[in-house]
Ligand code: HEC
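In structure tokens, one chain follows: the form predicted alone.
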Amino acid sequence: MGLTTDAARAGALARLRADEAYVAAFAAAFPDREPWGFDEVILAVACFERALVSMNAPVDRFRRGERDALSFAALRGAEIFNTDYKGAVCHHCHNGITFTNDVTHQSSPFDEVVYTNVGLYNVGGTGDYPAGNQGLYETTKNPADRGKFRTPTLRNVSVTAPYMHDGSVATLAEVVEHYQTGGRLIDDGPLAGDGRVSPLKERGLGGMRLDEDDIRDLLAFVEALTDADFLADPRFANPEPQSPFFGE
């Protein structure tokens, strides 16, 4: 992230080459590529990321036949999540095995990445988002794309606070409240505006009518997307110098 210039890439590569542990690790991983460079760094990062498969959350175990993996509350929350119950349209964006429409699956109904404006801002009543933080518009310069962002996965979302693209929502309960009202109202300040009536907000996000029990159950389902085994897997932790991955 941020390695967009030759100078930045050269600086990062110099830091890696100055670390004896990384020198040994790259020599072991790429014995026929000496000296190793930024191409090998990219390959190494990509190989690590492909290993980050989180598929043992309670919801996964339930789908594999472990009927007691989900509580009654989580099961009811799943029904709310996967239907249009009381205006809840969660599954329209958070679908598939990754709980996001940002990934095209083999049986996906989508043929392209979907970008959505969720009414987080409506600066000046124009649908605008904070300058320099306007999502897809930053690339396309199409005014209709202001505030449109890719849908994040909900896997392990209970441990990834704060939320929304800019971290401006503190808790999952507040995220649900955002969709309950159909957008965010900011009363004053430079970002004042009513996201509920943004002219650029996704039309399907008209608000929900969930009661306290509904919200509790919906949150129970979302929390059941947390894969404790994945989060505690030592293979994905910051390696210690004595780690076998570093040749010790």
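The structure displayed is predicted, hence computed values, not measured ones. Note that residue numbering begins at 1 and tracks the sequence as displayed.
Below: the form predicted together with the named molecule, not depicted.
*Asks:* Using a 4.5 Å cut on heavy atoms, which of V89, L75, V123, L136 is close to the named molecule in the predicted complex?
*Replies:* Contact residue from the list: V89.
*Asks:* State yes or no: in the predicted complex, is some non-hydrogen atom of P152 no more than 4.5 angstroms from a non-hydrogen atom of the named molecule?
*Replies:* Residue-level check for P152: yes, a contact with the named molecule.
*Asks:* Contact between L70 and the named molecule in the predicted complex at 4.5 Å, heavy atoms?
*Replies:* L70: no contact with the named molecule in the predicted complex.
*Asks:* Does the named molecule get within 4.5 angstroms of any non-hydrogen atom of V59 in the predicted complex?
*Replies:* No - in the predicted complex, heavy atoms of V59 and the named molecule never come within 4.5 Å of each other.
*Asks:* Using a 4.5 Å heavy atom cut-off, state whether W36 contacts the named molecule in the predicted complex.
*Replies:* Judged by the heavy-atom cut-off of 4.5 Å, W36 is well away from the named molecule in the predicted complex.
*Asks:* Based on heavy atom distances of at most 4.5 Å to the named molecule in the predicted complex, which listed stretch, 22-30, 205-213, 187-195, 40-48, is the contact stretch?
*Replies:* Going by heavy atoms within 4.5 Å, the stretch is 205-213.
*Asks:* Any chance L3, L13 and L16 all have a heavy atom within 4.5 Å of the named molecule in the predicted complex?
*Replies:* No: none of L3, L13 and L16 comes within 4.5 Å of the named molecule in the predicted complex.
*Asks:* What are the residues of 71-88, in order along the chain, with a heavy atom within 4.5 Å of the named molecule in the predicted complex?
*Replies:* Only a single residue, F81, comes within 4.5 Å of the partner.
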